[in-house]
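One chain comes next, on its own, written as C-alpha cells: the form predicted on its own.
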Amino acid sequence: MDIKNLKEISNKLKFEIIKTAFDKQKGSLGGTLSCLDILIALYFKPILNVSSDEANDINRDRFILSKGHACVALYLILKKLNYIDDETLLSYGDNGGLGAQLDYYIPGVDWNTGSLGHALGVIAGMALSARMNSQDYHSYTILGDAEMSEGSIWEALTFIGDNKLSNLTCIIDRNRLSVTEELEDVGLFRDFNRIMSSLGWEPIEIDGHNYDEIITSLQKSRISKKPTIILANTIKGKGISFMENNIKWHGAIPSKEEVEIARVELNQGE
C-alpha cells in the first residue's frame, strides 16, 4: 500500500477514534493519536506478517501494544482486517464487551495490558522462544515514553541486548507527555543512541508521523543483526488542532461541537 493510501486510512481512523470516544464517553485520545501512524504502517503497509485467516499460525509475527490505553485504534484496525466483527467492535465500553485495555481473548491480541512495564519482557520471551524453536517470526512492541522509567523495562532492555535478540523490535512513542506532566530528556532520553548502543541494541530515531521514515526503520529492523529500538518522535493528539500537545487530551472526551471540528479538519464528510 502506498503512502497516500496510508494517510487516507490515518485520517479515517482518527475520526473513527474520536467518534467512538464521544459515543461511548470513554477513551484516551491523545496517546492513541500519537501512535496511530505507527500502527497503520505495521498493519497496512504491511510490516507485520499476520492474517486473520491464519490468526493462530505459530509462525506469524507477534505484536504487543504495551500502551493499552490506545486500544481503540487497535480495535478499529482489527475490525478492518476481519479479526473482529461489527458487533464485537460496538461492544467497546459495554459491560462484558471490549474493555479500555487489551485482553488476549480478543482475536489478534497477543497479550493483556493495563499494568505498564511488562510488555518488553513478555515480547523478549516470545523472541527468545522463536530462536529456541528455530522459528523465523519477528516480535514487535510499542511502548509509551513515560513507561521507560519502569525498572522492569530496564531489566528487559539489558536481557534483550545481552541475548542478541535480533528478531525483536521495540518502538517508543515519544510524545513527551504523560498523564500529568511533560517528559524531559532524562534517563534513557538523555543520550539515547549511546545508551542503547552500549546495551547491545541498534538505535534509530525517526519522525513517528512520517511514513517514509516509519516504514524504512521497520524494514531495516527485520534484517538487523541486533535488536532494534526505534525512538519515534510523535505529537500527542496528532492531527486535531485543539488536541495537539495538550495534556488535557490524555483522558478528556470531546463535545459534540469538537467532534464536528475534528470531522472538518480530517475531511471526513458529513
Partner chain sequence: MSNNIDIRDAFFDEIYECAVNDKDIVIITNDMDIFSLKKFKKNFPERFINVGVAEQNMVNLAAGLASCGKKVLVYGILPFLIYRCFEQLKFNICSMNLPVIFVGVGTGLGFSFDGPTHHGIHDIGSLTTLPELDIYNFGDVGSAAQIGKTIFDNKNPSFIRLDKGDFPALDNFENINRGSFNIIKPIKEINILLTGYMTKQCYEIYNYFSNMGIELGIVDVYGLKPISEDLRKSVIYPSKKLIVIEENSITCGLGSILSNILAIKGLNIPLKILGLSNKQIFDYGDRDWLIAKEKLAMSDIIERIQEFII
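Worth saying up front: this structure is predicted, and the values here are computed from it rather than measured. Residue numbers count along the first chain shown, from 1.
A second form of this protein, the form predicted together with its partner chain, is not displayed here; the remarks below concern that form.
When its partner chain is considered in the predicted complex, Asn112 lines it closely, a heavy atom lying within 4.5 Å. Mapping the unseen interface onto this chain, Arg62 counts among the residues with a heavy atom inside 4.5 Å of its partner chain in the predicted complex. Put simply, Gly151 is close to its partner chain in the predicted complex: some heavy atom of it is within 4.5 Å.
At a distance threshold of 4.5 angstroms between non-hydrogen atoms, Tyr104 is in contact with its partner chain in the predicted complex. Remark: none of the three candidate residues (Ile206, Tyr211 and Ile223) comes within 4.5 Å of its partner chain in the predicted complex, counting heavy atoms only. Between the options Gly99, Gly108, Gly117, Gly161, the residue in contact with its partner chain in the predicted complex by a heavy atom within 4.5 angstroms is Gly117. The partner is absent here; in the predicted complex, the one residue of Asn193, Ser91, Asn82, Ser129 having a heavy atom within 4.5 Å of its partner chain is Ser129. Across the options 70-78, 169-177, 183-191, 132-140, residues that bring heavy atoms within 4.5 Å of its partner chain in the predicted complex belong to 132-140.
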